[in-house]
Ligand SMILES: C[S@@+](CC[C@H](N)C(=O)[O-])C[C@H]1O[C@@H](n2cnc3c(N)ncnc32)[C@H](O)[C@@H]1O
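Before any questions on binding or motion, here is one chain by itself as structure tokens, the form predicted on its own.
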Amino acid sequence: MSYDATIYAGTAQHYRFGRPRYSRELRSTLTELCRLDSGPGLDGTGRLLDVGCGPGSVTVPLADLFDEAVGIDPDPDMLREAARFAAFEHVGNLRWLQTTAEDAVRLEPGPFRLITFGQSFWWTDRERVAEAMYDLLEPGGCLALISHCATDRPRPIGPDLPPIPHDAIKELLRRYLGSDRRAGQGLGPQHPDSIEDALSRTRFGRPEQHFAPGRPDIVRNSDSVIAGYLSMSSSAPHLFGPNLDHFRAAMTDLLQHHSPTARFWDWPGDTQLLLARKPATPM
């Protein structure tokens, strides 16, 4: 799968402001799940590899669980945002590397105790990349695919604010960008089956599914909601061409119609963890 450098062009500046954060219990859940019967688990030693790290949304919060954390991403703007985030949080045991998941083995040898993908695995040549990650893990190490999941998850009671009108926003996007889900110079990847099915065909086998409770109290203003959409590959700023400012104005009007206070409750769901393990001893 060749990499299109325009997939996330112009989105990095919107990402951290516009994307909802993962569960507050992500660290503790991963620590519990990755505890080894005959090893140290996530105890401040070993190394983390965060693949498709973007602006460091996973890398920075987890870094102090390791001796070293390495974030890789093919987009240089994302890595610059990640470095700013790490500096703001005073996290120093990090390195950033511009590369794709497919090239990670060649450029960043292991071993790693934990390898994470934050909503980035589906962009890859899944089985090829999973096999490469297996080789990069230390014995007993874990692969964790992290995402938001609202489907079939219990919806909490949130703030007394209207939800983000996603259906209306998607209709507005169709007016500007058409009905196909665009990404860079083409369309987003289409896989014939699920991530679970893809991993089941690798040495990892079928992953375990776990959930950490999502944040029920996320409140977003109109600027944040707009930034969230402009952080997506399917509605990246460059796709609008000369109509970007017009789209921003139309979306601001739409949001004002749905919430006169320009404030919304965002419920992205619980944080889903698909966890796969490398055996601690050879099978």
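The first residue of the shown sequence is 1; numbering continues from there. If you're wondering where the values come from, they're calculated on a predicted model, not measured in any experiment.
Another form, the form predicted in complex with the named molecule, is not on view; read the next lines as being about it.
Contact check for Glu81: no non-hydrogen atom falls within 4.5 Å of the named molecule in the model of the complex. Shown alone here, Thr100 lies within 4.5 Å of the named molecule in the model of the complex, counting heavy atoms only. Although the partner is absent here, Gln119 sits close enough that one of its heavy atoms falls within 4.5 Å of the named molecule in the model of the complex. Contact between Ala276 and the named molecule in the model of the complex is not found at the 4.5 Å heavy atom cutoff. Only one segment in the set 55-63, 219-227, 241-249, 27-35 has any non-hydrogen atom within 4.5 angstroms of the named molecule in the model of the complex, and it is 55-63.
If you check the named molecule in the model of the complex, you find no heavy atom from any of Trp96, Glu108 and Tyr134 within 4.5 Å. Annotation for 64-95: interface residues with the named molecule in the model of the complex are Asp73, Pro74, Asp75, Met78 [heavy atom within 4.5 Å].
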